[in-house]
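A single chain, nothing else alongside it, follows as C-alpha cells in the form predicted alone.
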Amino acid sequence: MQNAILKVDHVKTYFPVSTSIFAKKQYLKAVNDVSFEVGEHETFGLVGESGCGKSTLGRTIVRIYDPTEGKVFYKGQDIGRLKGDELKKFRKEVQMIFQDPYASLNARMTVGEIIREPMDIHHLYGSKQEREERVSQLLETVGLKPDHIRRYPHEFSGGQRQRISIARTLALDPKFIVCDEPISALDVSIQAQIINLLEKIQDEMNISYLFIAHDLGAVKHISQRIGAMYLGSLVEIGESEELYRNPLHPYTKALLSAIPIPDPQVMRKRAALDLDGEIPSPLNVPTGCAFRTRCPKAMPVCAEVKPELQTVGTSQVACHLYAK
C-alpha cells in the first residue's frame, strides 16, 4: 500500500502461562501471525468475537505490549527500536481510546487536569493559561461545555466520559489513534453520536484510525477496510462495502448473519449461520486452520495446513475453499 502510516508485519504476541514451577511452560497465543497496513486518513476496522486478540493487537501497536515476534512499523520506523526522543515523539503521535470510560479516567482528577496532563508531560504550549485555553477548545470539539473543566468524572454520564477520553487523546494532536471498542459500553443512541464525532475529528485533523469493535454495523459505518479476526489471526480483509456484500470466509459470513436488521420480515427470511462448539482456548490452538473445529465446510486439509491470506477479487481470505 502506498502512503501507509502503519504496517503490522507478522506480529505474534504470546503470554507465558505456568500452573506450577514443575509444569511445562505454556504460551497463550493472543495474537498469532497478523499482517496488515493502514493508510493515511484511513479507518481500518477490526472485528471478531470477544477473546480473539483484537485489544491485545491494539495494545501491541501502541507499544503497551512488545510483540513476541514480528514488527510494527509507524511511518517506516520499527517501533521496537525507538528510544529516547524518538520514542517520546511516537507516544505523542500514536494514541489510544480505551474501551471502558469509567475505568480509564482518574476519579481524583478534574476533567481539566485529565486533559491537561499529556500536555504537561510533553511540555506543549508555553504557559498554564495557554494549556487551559487548549483544554477548553478540546472540550468544545468533543461536544462538552468549557465550564465542565472543573468537574470530576463521576459527575458525567458514560457517553460524556468517553468524550472526555477522546479530548484527552486529542490533547497531543495525534496522527494515529487505536480505538479499542470505544462504543461497546454505551447506549445505542450515544454510540451513533461518538462515531459521528470520531468521523468529524478525522476529517478536521487528518487522523488515521484502527477501529476495534464487535459491532459490525458500527464498523461498516466508519471503516474503509475491515479485517475479521479469529483466535489471534486475520481470516479475511476487504473493503467495507465488498466485505458486507460478498463475505468469503465462513467465519465472516457467520458474523454478518448475526447482525440484527430492523425489519421483522427480512429477519424471518434470513437464516443465521450457527457455529457449532465453543471457541478453542488460545493456550491450545487447533492445528491447521484454527476455525476448522467450528466450520461447517471443514475439509481434511484444514487440519493439516494453516491457510495463508490470498487475494480473491478485491479481498484477501485465509481459507482452503479458495485454494488455487
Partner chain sequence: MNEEIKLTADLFEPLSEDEKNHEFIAAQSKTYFQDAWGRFKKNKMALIGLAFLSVMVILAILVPMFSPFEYDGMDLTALNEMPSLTHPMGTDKFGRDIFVRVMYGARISLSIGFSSAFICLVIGVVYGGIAGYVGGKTEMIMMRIVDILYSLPNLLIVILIMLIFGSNVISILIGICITAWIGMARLVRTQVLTLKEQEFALAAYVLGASRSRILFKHLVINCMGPIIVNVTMLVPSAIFTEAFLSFIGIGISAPAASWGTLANEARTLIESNPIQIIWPVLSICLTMLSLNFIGDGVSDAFDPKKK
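As the structure is a computational prediction, the values presented were derived from the model and not from experiment. Residue numbers count along the first chain shown, from 1.
Keep in mind that the form predicted together with the partner chain is missing from the display, and what follows is about it.
- Taking the partner from the other structure, the partner chain in the model of the complex has no heavy atom within 4.5 Å of any heavy atom of Gln202.
- Residue contact with the partner chain in the model of the complex: Ala218 places a heavy atom within 4.5 Å of it.
- Using a 4.5 angstroms limit between non-hydrogen atoms, Ser127 is distant from the partner chain in the model of the complex.
- Using a 4.5 angstroms limit between non-hydrogen atoms, Leu82 is distant from the partner chain in the model of the complex.
- Interface residue among Leu28, Val285, Ile64, Ala298, judged by heavy atoms within 4.5 Å of the partner chain in the model of the complex: Ile64.
- Note on contacts: among Glu239, Asp100, Asp173, Glu133, the single residue with a heavy atom within 4.5 Å of the partner chain in the model of the complex is Asp100.
- Contact check for His41, Leu138 and Gln224: none of the three has a heavy atom within 4.5 Å of the partner chain in the model of the complex.
- Contacts of stretch 87-126 with the partner chain in the model of the complex, defined by any heavy atom lying within 4.5 Å, are made by Arg91, Val94, Gln95, Met96, Phe98, Gln99, Asp100, Ala103, Ser104, Leu105, Asn106, Ala107, Arg108, Met109, Glu117, Pro118, Asp120, Ile121, His122, listed in sequence order.
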